[in-house]
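The chain below stands alone, shown as structure tokens; this is the form predicted on its own.
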């Protein structure tokens, strides 16, 4: 690398060169102007609707839920992780508004459902016959490293700091903790969600598409 050379490369691809491809999944504007989105190569030049429709054909059997009583900044990261691991849906329990900055636009490709109260969320999960699995370092929690997460479930996370609320804890059919070895008492919900989702992937998912 020579002095002054830019080490940053532009994300994505430029305008389509040559004859335009045929198919409803192509986005005419992206073909014309280029596709600089943070998407995998197989979705280059696809419309957002086409990407979501394709993801919907292979979403996994787990859902993710997080309580939102204090506008937790971790919610965006939870949504981004859910997109990366292809969760069926993300459920926001509590306040409807949440900070989308950490999602890095992945919420455009991920189904997000709002429940105004924990009771509404629990009723929905019961109607879908989905066990609610709490992830928190609480007394009585079982080490997640020693168990296999259910194939069909909702992984529920609490707020940064207080963790799961008392009503949320009562709604959980099982509680699992994540092993920690340092001095801090807890890890944030964004990190915990990634660890838990990957544990589900290791147990139940095959390799991602090429």
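Residue numbers count along the first chain shown, from 1. Predicted, not measured: the structure shown is a model, and the values here were computed from it.
The same protein also has a form predicted together with a small molecule, omitted here; what follows describes it.
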Interface residue in the predicted bound form among 54, 160, 27, 61, criterion: non-hydrogen atom within 4.5 angstroms of the small molecule
160
Name the residue from 130, 138, 86, 105 that puts a heavy atom within 4.5 Å of the small molecule in the predicted bound form.
138
Output flag, 95, 112 and 121 jointly within 4.5 Å of the small molecule in the predicted bound form, heavy atom basis
no
is_contact(residue 148, the small molecule) in the predicted bound form, heavy atom dist at most 4.5 Å:
no
Does residue 187 reach the small molecule in the predicted bound form if we count a contact as any heavy atom within 4.5 Å?
yes
4.5 angstroms heavy atom contact with the small molecule in the predicted bound form for residue 177:
yes
Residue 164, heavy atom within 4.5 angstroms of the small molecule in the predicted bound form:
yes
